[in-house]
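Okay, so here's just one chain, in structure tokens, the form predicted alone.
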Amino acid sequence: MLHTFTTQKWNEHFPDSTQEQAINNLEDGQILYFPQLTFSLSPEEQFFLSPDYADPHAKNISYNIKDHKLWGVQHLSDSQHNQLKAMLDRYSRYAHGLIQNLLPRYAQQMMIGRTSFRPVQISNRKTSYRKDDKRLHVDAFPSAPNQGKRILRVFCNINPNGEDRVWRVGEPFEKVANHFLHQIGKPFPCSAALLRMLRITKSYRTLYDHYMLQMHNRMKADEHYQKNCAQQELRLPPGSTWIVQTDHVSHAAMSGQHLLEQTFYLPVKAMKDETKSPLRVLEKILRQKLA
């Protein structure tokens, strides 16, 4: 499940053989794990290691490097607001550099998404089952269809108190899909166009997005599946970093506080073997084109 790297530098140069192995493991549904790759904070930045500055109405503190926009925060002065933006901007650039060096095939075509900071203890969060990340799921977004693109994420545990980020990792994607797809009907005719027209979705919801979102929701709602499917626990300590394709790997975050995360979106055609993508797996099972 974990493919481990010994690097301690975000700008490490990786030989071709390591790059090849990394992309093979990632596309096979493994997690690329860097137990000694830490993201250091300045004394001023350590001030933000508190849930007090996270807006309770937002899931995470979020940053968009493209327009330097920060949201999901509260109780910060203008100066502190800029300091936090600078911290998340730096993490975004470090994560981007890591992908460029380790997965150059991906870096040529991937699109950068949001950076998030998660300073709230996840085990204490009360929310609806659909938003509860303590339940096993594959990632799919109700308002932001990705139309078949891969979701690639770089996580880093920056907890200052020695607390692990604890995950559960579930069954392979194809097994998950075969378990839930028979429960999912086709979308209502014209529903995708209506959702877009009403601005409920930011882009057109393809058949792929429909099936992925329904699978995400049904996984989280199925208590028997959550308790009884094959799964294992991962403990990811402070100072560690990991890369995972969260649309492919069934996962749940059980506990932990103070996490950084950078999202990238990758066209399926950029993969080494696109038959391993969720899009192609679902198309094979359903015998139709989905995006």
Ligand SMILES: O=C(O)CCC(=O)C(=O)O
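Start at 1 with the first residue shown and count on from there. In this text, all values refer to a predicted model and were calculated from it rather than measured experimentally.
The discussion below concerns the form predicted together with this ligand, not included here.
Participant: Choose one stretch from 66 to 74, 221 to 229, 245 to 253, 31 to 39: the one whose residues place a heavy atom within 4.5 angstroms of this ligand in the predicted bound form.
Facilitator: Stretch with heavy atoms near the partner: 245 to 253.
Participant: If you check Leu266, Ile61, Leu26, Leu259 against this ligand in the predicted bound form, which one has a heavy atom within 4.5 Å?
Facilitator: By the 4.5 Å heavy-atom cutoff, the listed residue in contact is Leu259.
Participant: Have a look at Phe155, Tyr91, Phe173, Tyr208 for me and say which one sits with a heavy atom within 4.5 Å of this ligand in the predicted bound form.
Facilitator: Residue within 4.5 Å of the partner: Phe155.
Participant: So, in the predicted bound form, is Lys149 in contact with this ligand at a 4.5 angstroms heavy atom limit?
Facilitator: No - in the predicted bound form, heavy atoms of Lys149 and this ligand never come within 4.5 Å of each other.
Participant: Check Phe117 for me: does it contact this ligand in the predicted bound form (non-hydrogen atoms, 4.5 angstroms)?
Facilitator: Judged by the heavy-atom cut-off of 4.5 Å, Phe117 is well away from this ligand in the predicted bound form.
Participant: Report whether the minimum heavy atom distance between Trp167 and this ligand in the predicted bound form is within 4.5 Å.
Facilitator: Contact check for Trp167: yes, within 4.5 Å of this ligand in the predicted bound form.
Participant: Counting only non-hydrogen atoms and a 4.5 angstroms cut-off, does Glu163 reach this ligand in the predicted bound form?
Facilitator: Contact with this ligand, no.
Participant: Note that this ligand is not shown here; using its position in the predicted bound form, name the residues of 132 to 153 with a heavy atom within 4.5 Å of it, in sequence order.
Facilitator: Heavy-atom contacts to this ligand in the predicted bound form: Asp133, His137, Asp139, Arg153.
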